[in-house]
Every structure is written in structure tokens, then in C-alpha cells.
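What follows is a single chain, given as C-alpha cells, in the form predicted alone.
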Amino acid sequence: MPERMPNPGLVAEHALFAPAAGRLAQRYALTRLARPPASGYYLCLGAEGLELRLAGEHTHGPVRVDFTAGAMAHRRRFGGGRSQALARAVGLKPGYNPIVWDATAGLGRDGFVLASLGCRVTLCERSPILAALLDDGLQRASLDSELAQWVETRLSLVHDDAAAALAGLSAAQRPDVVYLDPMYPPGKSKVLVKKEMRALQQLLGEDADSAGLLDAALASARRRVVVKRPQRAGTLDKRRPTASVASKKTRYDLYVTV
């Protein structure tokens, strides 16, 4: 696993985007750049939203959070609805939509799916890079005619260390479910060659504190903690789950807290 790299700077693609870029940079303590760097990763705010780019020729395409089209739109419409493994793992039932803390939000995909199915989801992300990408993606989703009616009421973003944030919740604020999707361990899974995963591994490094986060999640969740794992990976911190829900490539380990 590569060591964590310095946070990339933020550049506005055009002067029109400079004020919004300035606000993002201030909110997430990002360095403003006058122009793209000659090499390495950088954030760029332009007409397509905020993107994580890799400078230089023959690089992979940009990484961005887009809930309105592409793979996310397809998953929302054809991903199996409330019968899919993710929904069953968090405990969705007829008439019951749990309140969920996605404590390792990443690019927000699983949290967004759960919100689309009726859950109120808090996306918690400590990386300023990912938090900024999520912020931009949620802003654009809130302007989409199909999504606007529920995005603002079911999804919220917290930029903080999840273990500390969970520990600071009052009894009334505790979620029904805490969802964890820690960085996948090294292996031969095809997921490791995807551009998003390569970028995140290089920028964020390895999850060295997943065990502590699991402890915080278990102390906070009213009903259960759900940990997403590759199908053949071991359990997180070698802790035996109460049960598991499996899909083709993924396993959801359940730790019941009631």
C-alpha cells in the first residue's frame, strides 16, 4: 500500500468558477492554485463540477462525484431496490427506514443508494479531498429535478474524523445503523485497478485505524454496525460478526448492538 501523498491543490478552470473555488478551498482548507501543476493530482472546478485530475499525458480520466447520471443513475434505477444486499444488510423493511451514519463515506455511492431507498443518511468523511468532492456532488444533485425533492432532506455531509464525531453524538442523535466501508485490503480483486481506487489509495494511504472506528461504531449504533468487505477478505480486525449478507463480489458483515 503506497504512503499517503500531500493533499492536492485546487484550481478554477475558468475565472467564472474562481469564487466558488475559493469557498471550497476555505471550507476544506485546500491550497488554491493559479494553474494546474505539471505533475501529480490536483482538484479542478469547472463546468462539469469538481474533479480530481492527474496531470500529464496518458493519464486516466478525472474522478468526481456524480449522483445524477452514469453508473449511479443506473444503480439507482436497476440496482435491486430494497431487496439488494446493501439494503437488507442495514435492515430496510416495509415501513422501516433506518437512520444511517456512513462513517467512511468516500465517494458517497452506498450512502446515496440508501438515501434513495428512504433512509436518512449522514455522510461522514475526514479527507478534505473527498469531502469537497462530495459537497460538490450533493450541490449538483440538489439542483436535479428528479433528485431535489429528497436529497436535501435525506442526505447531510459531515467533514470530521468519524470516530470522534460518533463519540460526540448525544443519545438522541445516535443512528440506528453505522455503516463502514474501510479501504479494501491489498489483493487481486479487480476493484483495485479502477481509477477511483488507484487515486484514493495513492492520496489517502491505508486505513490504519479501522479497528478503533469499529469500536466507536459499536458504541454508537442503536441497532447494528454494517461493515462492507470483499467477498474473500477476512473480517475487520478479525472480529466475528453476528451474521453476514453476501452479494456476488461483496460481503456485508453485521454486528448487532441491541
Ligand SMILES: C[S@@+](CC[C@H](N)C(=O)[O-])C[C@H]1O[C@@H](n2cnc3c(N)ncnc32)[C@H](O)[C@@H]1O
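So that there is no doubt, residue numbering starts at 1 and follows the sequence shown. Fair warning: this is a prediction, and the values are worked out from it, not measured in the lab.
Heads up, the form predicted in complex with the ligand isn't pictured, but that's what we're talking about next.
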4.5 Å heavy atom contact with the ligand in the model of the complex for all of Arg109, Arg126 and Leu200: yes
One stretch from 168 to 176, 118 to 126, 87 to 95, 149 to 157 that, in the model of the complex, holds residues within 4.5 Å of the ligand by heavy atom: 118 to 126
Of Leu30, Leu213, Leu45, Leu52, the one that lies within 4.5 Å of the ligand in the model of the complex (heavy atoms): Leu213
Close approach of Asp207 to the ligand in the model of the complex, 4.5 Å, heavy atom: yes
Heavy atom of Met183 within 4.5 Å of the ligand in the model of the complex: yes
Any non-hydrogen atom of Asp161 within 4.5 angstroms of the ligand in the model of the complex: yes
In the model of the complex, Ala103 touching the ligand (heavy atom, 4.5 Å): yes
